[in-house]
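What follows is one chain in structure tokens, specifically the form predicted alone.
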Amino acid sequence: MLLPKFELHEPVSIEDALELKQSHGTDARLMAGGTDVLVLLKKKVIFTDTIISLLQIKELSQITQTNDTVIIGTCATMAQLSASPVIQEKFSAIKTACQSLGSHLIRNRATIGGNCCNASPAGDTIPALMIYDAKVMIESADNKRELPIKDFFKGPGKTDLTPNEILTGFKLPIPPANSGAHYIQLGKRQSSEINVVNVGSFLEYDPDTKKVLNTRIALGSVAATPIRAEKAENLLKGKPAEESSFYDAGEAARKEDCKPIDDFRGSAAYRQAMIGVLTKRTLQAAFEQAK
């Protein structure tokens, strides 16, 4: 199956990219790594005569750190993130999520911005970004704005981006001391497979009282968008950081937070059962890391 013909633009600045997007209108498609866009073009799922590649904009591929914040450019690849010292040290759940996506070849091309803009309910990096309380950074020709990532997704394949905006990156606060996070994805094969279920959990605890101070739990593949397990989070706060509390949180996530569907990858009942298991496991792993 061959790619259709299209005009390719490779701007070297965000301003140039925004100008091209505005001049070509809604028919133009933005592209980062191309692992989704090019496949969809081949399959004739999407159609365009114009593609604007963002890969020549150097600042969009950078990972930068200040005293209390890390900014990840939208074109940072999965392989780049996995190898980043600050991601390995401070955001291990993102590293795990990046390593879970596809094959080695895919991870060398696929970008974190592309994974989010694809807006799949099963996206690997999305739950990991959600548990670190990330904000998306969005630019248009006349405006810059930030949005909590949990509010960025509006449905399968749909985001809060307007036609003249570009997702430029993600802003993440440095996690506090005595905190940890973990991510697990469950697929039918080890790679190159859309997830059946994926879960990320963040946990901060008080070493004196041994109680949970704060937690964030994100679920993928069990709703129209990746979601926060708010019932489970509220149940866990203030509870002892121990296995029984993590089990109760998993049960709350399974029974109250998720609404999966049946499809060819797995039944709703199986997904629901696995949410309980994986929520408990990710919380336990996050606690061990926090200690």
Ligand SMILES: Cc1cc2nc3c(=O)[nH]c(=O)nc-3n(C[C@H](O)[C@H](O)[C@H](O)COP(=O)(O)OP(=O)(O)OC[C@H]3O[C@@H](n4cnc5c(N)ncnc54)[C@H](O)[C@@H]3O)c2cc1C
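In this text the structure is predicted, and so the values were computed from the model without any measurement. One-based numbering along the sequence shown.
Another form, the form predicted together with the ligand, is not on view; read the next lines as being about it.
Student: Would you confirm whether the three residues 11, 61 and 71 all fall within 4.5 Å of the ligand in the predicted complex, going by non-hydrogen atoms?
Tutor: No, the candidate spot makes no contact with the ligand.
Student: Choose one stretch from 200-208, 173-181, 122-130, 79-87: the one whose residues place a heavy atom within 4.5 angstroms of the ligand in the predicted complex.
Tutor: Every other range fails; the passing one is 122-130.
Student: At 4.5 Å between heavy atoms, is residue 106 in contact with the ligand in the predicted complex?
Tutor: The answer is yes: residue 106 has a heavy atom within 4.5 Å of the ligand.
Student: Taking heavy atoms and a 4.5 Å cut-off, does residue 39 contact the ligand in the predicted complex?
Tutor: Result yes; residue 39 sits at the interface with the ligand in the predicted complex.
Student: For residue 219, is any heavy atom within 4.5 Å of the ligand in the predicted complex, or not?
Tutor: Close contact is absent here: in the predicted complex, residue 219 is far from the ligand, nothing within 4.5 Å, heavy atoms only.
Student: Would residue 30 count as touching the ligand in the predicted complex under a 4.5 Å heavy atom rule?
Tutor: Result yes; residue 30 sits at the interface with the ligand in the predicted complex.
Student: So which of 212, 93, 167, 134 reaches within 4.5 angstroms of the ligand in the predicted complex, heavy atom to heavy atom?
Tutor: The residue from 212, 93, 167, 134 that makes the contact is 167.
Student: Since exactly one of 245, 48, 225, 35 fits, which has a heavy atom within 4.5 Å of the ligand in the predicted complex?
Tutor: In short, 35.
Student: For the stretch 109-145, which residues lie within 4.5 Å of the ligand in the predicted complex by non-hydrogen atom distance?
Tutor: In sequence order, 109, 110, 111, 113, 114, 115, 117, 118, 122, 123, 124 come within 4.5 Å of the partner.
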